[in-house]
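A lone chain, given as structure tokens: the form predicted on its own.
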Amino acid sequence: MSEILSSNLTYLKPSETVAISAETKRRQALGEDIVDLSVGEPDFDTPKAAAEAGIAAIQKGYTRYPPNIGIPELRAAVARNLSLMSGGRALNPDQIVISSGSKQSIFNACFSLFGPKDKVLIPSPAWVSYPQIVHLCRAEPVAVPGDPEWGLKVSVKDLERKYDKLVKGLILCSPCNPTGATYTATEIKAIAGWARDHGVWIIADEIYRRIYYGNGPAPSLLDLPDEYLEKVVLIYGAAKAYAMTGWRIGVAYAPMPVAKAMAALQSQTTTGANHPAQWAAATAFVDEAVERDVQKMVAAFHLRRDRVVERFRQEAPGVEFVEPTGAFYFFFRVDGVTPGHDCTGTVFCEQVMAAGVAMVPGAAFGDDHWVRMSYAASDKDLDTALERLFGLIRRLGARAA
């Protein structure tokens, strides 16, 4: 069958995270007792004020084609939201493009900037869609392995080792999916300076910026002086911190020529994002009641993070993990849970699924020594999943070498 398909799809494969989530739902529908910790989706409802704004938009008849680039009200709300997070920095709403989810925003940016013979650096482990999107642009994704001693983040030295004259881009995610690690302001500035000096575009995926366990939002490229931002496309959206995954509202803030190119591309593909959802997101980004809801959700994620970390230290002291400082993922190494150190993430996830918990093997993110667990789940489900998980780790650890 593959011979009839376009060469555009040579490297394309389905999203592993989507596939695991679908398999989990299939098993649950058959009556299997499985706690799903595979999907990166908040377990909270969309804040009431945002949901009501979406309903009101439908009732007001905002159901026709929206402006391709996004309704002015939403673009202004995004500019205000990002400005408040970055010390009042002035942002031009005309440089903002609204898309059907941040994944489309990333695709639009990559497709507008990269093409054949270009290379794009991707710190690894990385979200499953980054290399796939780069391949779809007929460019080459280049994995840059992160340092386990540094939360699997990359340094300028790591980037420099992979650099050559064909490198045109860098996709930087912080807080990071799948590890939950966050780049500090100093680290971001160093990487931005390296990219500026080499003429490399940065696509900064900051969809998890609000879900941060330090003070305020996570450090951002937008915290830097203008001289660092001439070749930066910032990705944002309503999905994660605002519990609006299904509303499908993504954001890109880009230099004007790139924003225009992305808008032109979008005009020939999706012609803009869902119209009522844009009104819901416009409220979400500026409403004070929604902001209080976001703070409560982040506080709940923080408590869950603390509980997961504490229990791993107490009940699985030999298991290596990245201590998350943002997002809602826990990334732990599984090859050491067996006496022979022969367990892979893929095998471990098959076994933990049989024990009643769905997780994602590190192979999906570029390293099958690891497993990703999402703690965006209710406290009850999380506790049940942890009991099953530690039971499996104990059984594997006791296995005869």
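Each residue number is its position in the shown sequence, starting from 1. From a predicted model like this one, the values you see are computed outputs, not experimental measurements.
Although not depicted, the form predicted together with glutamic acid is the subject of the following passage.
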Give a yes/no on whether Thr17 approaches glutamic acid to within 4.5 Å in the predicted complex, heavy atoms considered. yes
With a cut-off of 4.5 Å between heavy atoms, is Ala358 one of the residues that contacts glutamic acid in the predicted complex? no
Give a yes or no for Lys119: in the predicted complex, does one of its heavy atoms lie within 4.5 Å of a heavy atom belonging to glutamic acid? no
Within 4.5 Å, heavy atoms only: does Ala192 come near glutamic acid in the predicted complex? no
For glutamic acid in the predicted complex, the stretch among 127 to 135, 266 to 274, 299 to 307, 319 to 327 with residues bearing a heavy atom within 4.5 Å is 127 to 135
Name the residue from Ile69, Ala53, Val39, Val337 that puts a heavy atom within 4.5 Å of glutamic acid in the predicted complex. Val39
Which listed residue (Tyr183, Tyr208, Phe331, Tyr253) meets the criterion of a heavy atom within 4.5 Å of glutamic acid in the predicted complex? Tyr208
Going through 157 to 189, which residues have a heavy atom within 4.5 Å of glutamic acid in the predicted complex? Please give them in sequence order. Asn177
